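The form predicted on its own is given below as one chain in structure tokens.
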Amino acid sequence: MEKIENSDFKHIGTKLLNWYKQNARDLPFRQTKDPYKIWICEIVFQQTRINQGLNHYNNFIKRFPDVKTLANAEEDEVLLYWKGLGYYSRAINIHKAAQQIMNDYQGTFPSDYDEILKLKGVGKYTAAAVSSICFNGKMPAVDGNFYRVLSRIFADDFDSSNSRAFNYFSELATLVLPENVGDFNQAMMDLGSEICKPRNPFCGECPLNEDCLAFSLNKISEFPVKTKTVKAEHLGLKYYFVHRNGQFLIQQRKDDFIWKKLFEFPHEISEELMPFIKSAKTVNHKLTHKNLSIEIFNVEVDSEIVWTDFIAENQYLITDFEGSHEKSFPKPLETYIQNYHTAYKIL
């Protein structure tokens, strides 16, 4: 489709704002213009639904109420308060970004879009959201909601999987952009989440249905166009759950692969521990673009000498069920620990 040149579409943005004033979701971060809190909420809800992440957001803000508190915290504690949200590299990045703000901006959150963009882990969407909501910035916070809503309004078949999609839809957004960009960005988020959904959208309730070309053509399901999909990589992992008398061994992952800085079980054991393998199970787990097949061996060591020798030869940490609550584990391993504890109590 040729790029639309007619700029007489501002009434669409005005309609959306009027709808938002009446229908905006009552969310805790909507009651503030504090850029720190808006930043945290944008990062939390990038990969997490509002209803799933709200308690996590509230708990995180309660423990780390400002940039200084977050910057001064230990990384392991930040990861612990991120527990349950997944995509743990986000937690590592916001911790580093908080330290950036303390070191490079004297503890004051930067107000300029380009400066916000310099923070660790902050992309164009987040920078636009924070600058528009908190500092009256004028950049549209373009994400999947924008792609979907705009492609349907204009029946625009530009491929959303194209590397130029962000810039294309950013330009398209300027056609409907009102003066209050901060509220407009939040309105687009609400519209995309609640009304203009990927599947089975509520077109009858949409405030923009009179202006939506795809709706008038009965072609809503054809937009947005996406021709490329990322093929999931299959990955096999092996763990040994080495335990004795309610205690088990763990180690911390590095930050160069999945599950950065989370805790896990040993990847291998010595020949001396092989006879203590009682069972094995395979757990399947999906990550973004990765399908994991995780084999976990249950190694119950009933020899104190073998146990102490193995620990002495390696750098593993010893913990128990209660102690594991103070660590962040990948979800499949956390579930395994919970199941082990349940079985151990029965025994």
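All residue numbers are counted from 1 along the displayed sequence. The model shown is predicted, which means the values in this text are computed figures rather than measured ones.
Note that the form predicted in complex with the DNA isn't included here; everything after this is about it.
This chain is displayed alone, yet in the model of the complex one of V283, I318, L27, V306 has a heavy atom within 4.5 Å of the DNA; that residue is L27.
For the options K238, K219, K124, K138, the one in contact with the DNA in the model of the complex, meaning a heavy atom within 4.5 Å, is K124. For the marked spot (N23, K62 and P110), a heavy atom within 4.5 Å of the DNA in the model of the complex is absent from each of the three residues. Remark: R148 counts among the residues lining the DNA in the model of the complex, judged by a heavy atom distance of 4.5 Å or less. For the chain shown alone, D143 is a contact residue for the DNA in the model of the complex, at least one non-hydrogen atom being within 4.5 angstroms. Although the partner is absent here, A155 lies well away from the DNA in the model of the complex, with no heavy atom inside 4.5 Å.
Remark: T32 does not count among the residues lining the DNA in the model of the complex, judged by a heavy atom distance of 4.5 Å or less.
Contact with the DNA in the model of the complex, defined as any heavy atom within 4.5 Å, is confined among 204 to 212, 72 to 80, 101 to 109, 163 to 171 to 163 to 171. Taking the DNA as it sits in the model of the complex, the stretch 237 to 273 comes within 4.5 angstroms of it through a non-hydrogen atom at F257, I258, W259, K260.
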